[in-house]
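Next comes just one chain, in structure tokens: the form predicted on its own.
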Amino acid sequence: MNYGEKYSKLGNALEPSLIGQILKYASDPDAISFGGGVPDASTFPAKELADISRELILNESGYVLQYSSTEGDLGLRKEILNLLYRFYGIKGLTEENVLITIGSQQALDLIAKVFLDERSYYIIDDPAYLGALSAFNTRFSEFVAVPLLGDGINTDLLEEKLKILEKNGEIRKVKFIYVISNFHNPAGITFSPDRREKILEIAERYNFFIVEDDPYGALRFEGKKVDPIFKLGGQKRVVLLNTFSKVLCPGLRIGVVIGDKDLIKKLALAKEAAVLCSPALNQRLAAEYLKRYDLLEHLKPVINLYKRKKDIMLEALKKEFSNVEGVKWTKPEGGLFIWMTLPNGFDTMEMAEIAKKKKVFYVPGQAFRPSGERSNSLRLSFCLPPEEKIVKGVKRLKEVVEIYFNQKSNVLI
């Protein structure tokens, strides 16, 4: 049987994940990976989760080993609302405003299925989170890509592009804008209050909604907390996504959608068709952890660890690259990523072949371009490697850059 003859349009379009390839090569014990945003396993509350898990399986097996509701465990949804109030001061929501998903990637997939088709537009930043690009591209919709500045997307250019769509009679096809407002993946920047207000104002004027993804908001190292767009615009205009993957552990695969009740019902129908429900044990385990322990207190040493690793990487970059003209990098106030840009003429996808031989791994900027164009930028993640390997890895990266420069006569450095 030649299954390839039977593939759908989507089946033919599916390609291997660049992140998956990087993780495969990075499994070499001599490798140093700045690739995936993989949390440091020392931050996982393993003993606490083990104790709770044993207790739940022995005492609540009829629930935790059974199917659960599509919307998600009621106790977990209540705890999430409590966290939203404690951390951001968001109130006025009920459990009906919350949907539990299998990781935040499923949340992106559900939004794509419910809202996008070949007659749709979505707005996305450039560079953009590749998980969102993967989910949205399965719907074969059009996109409006807007460059990132140091404090958020270029809202002036966004308005220019929307005016063109309006002039062409296509503005009604615009469904939503997707943003990571805190410690952007991959760029590491945080949207300023002014940018957030402007995005909200534009969304209201042109009548589309905002998908605000906030997986890293609780991992702030420095600076002042900024209100999410969801708090400013409310559930009628903004859908808030979150996850426990970066603040508790990714293995539980718990994502969260917070939004209008009718929207949550529609997304739940799409989830039911895909997976029926999320694992009951994982949800109750997270809920019980949140009841018994203070997640925000748990995060204090986690934040200190990631801040230290971030500072070590920034210092190593300064030492190795400060004398190289045309090289720059972001200085995040939180999150897990640094966005590094090399001089014009560099192609970091092509350069990755040299990096593979040197056993240092990063994600080429091309993976984050909505149009798939070549890029002279790359994403560095500082969360997983031990501190001493961060310094060694940056040295290897400098060697990679030098080798690439010597091989390419068109590179200006």
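The first residue of the shown sequence is 1; numbering continues from there. Everything quoted here is computed from the prediction, not taken from an experiment.
Note that the form predicted in complex with a further copy of the same chain isn't included here; everything after this is about it.
- Message: Partner absent here, but in the model of the complex, which of 86 to 94, 311 to 319, 102 to 110, 144 to 152 has residues with a heavy atom within 4.5 Å of a further copy of the same chain?
- Response: The contacting stretch is 102 to 110.
- Query: Out of His184, Arg77, Lys175, Arg196, which one falls within 4.5 Å of a further copy of the same chain in the model of the complex, going by heavy atoms?
  - Reply: If I apply the 4.5 Å criterion carefully, the residue I get is Lys175.
- Message: So, Glu333 and a further copy of the same chain: in the model of the complex, are they within 4.5 Å at any heavy atom pair?
- Response: Residue-level check for Glu333: no, no contact with a further copy of the same chain.
- Answer with yes or no whether Pro29 is in contact with a further copy of the same chain in the model of the complex, where contact means some heavy atom within 4.5 Å. Residue-level check for Pro29: no, no contact with a further copy of the same chain.
- Query: Pro385 near a further copy of the same chain in the model of the complex, any heavy atom under 4.5 Å?
  - Reply: Judged by the heavy-atom cut-off of 4.5 Å, Pro385 is well away from a further copy of the same chain in the model of the complex.
- Is Glu159 close to a further copy of the same chain in the model of the complex, meaning a heavy atom pair under 4.5 Å apart or at it? Close contact is absent here: in the model of the complex, Glu159 is far from a further copy of the same chain, nothing within 4.5 Å, heavy atoms only.
- a further copy of the same chain in the model of the complex: contacted by all of Gly37, Leu49 and Gln235, heavy atom 4.5 Å: Heavy-atom distance to a further copy of the same chain in the model of the complex: all three under 4.5 Å.
- Message: Only counting heavy atoms and a 4.5 Å limit, does any residue of 238 to 252 reach a further copy of the same chain in the model of the complex, and if so which ones?
- Response: Sequence-ordered list: Val238, Val239, Ser245, Lys246, Cys249, Pro250, Gly251, Leu252.
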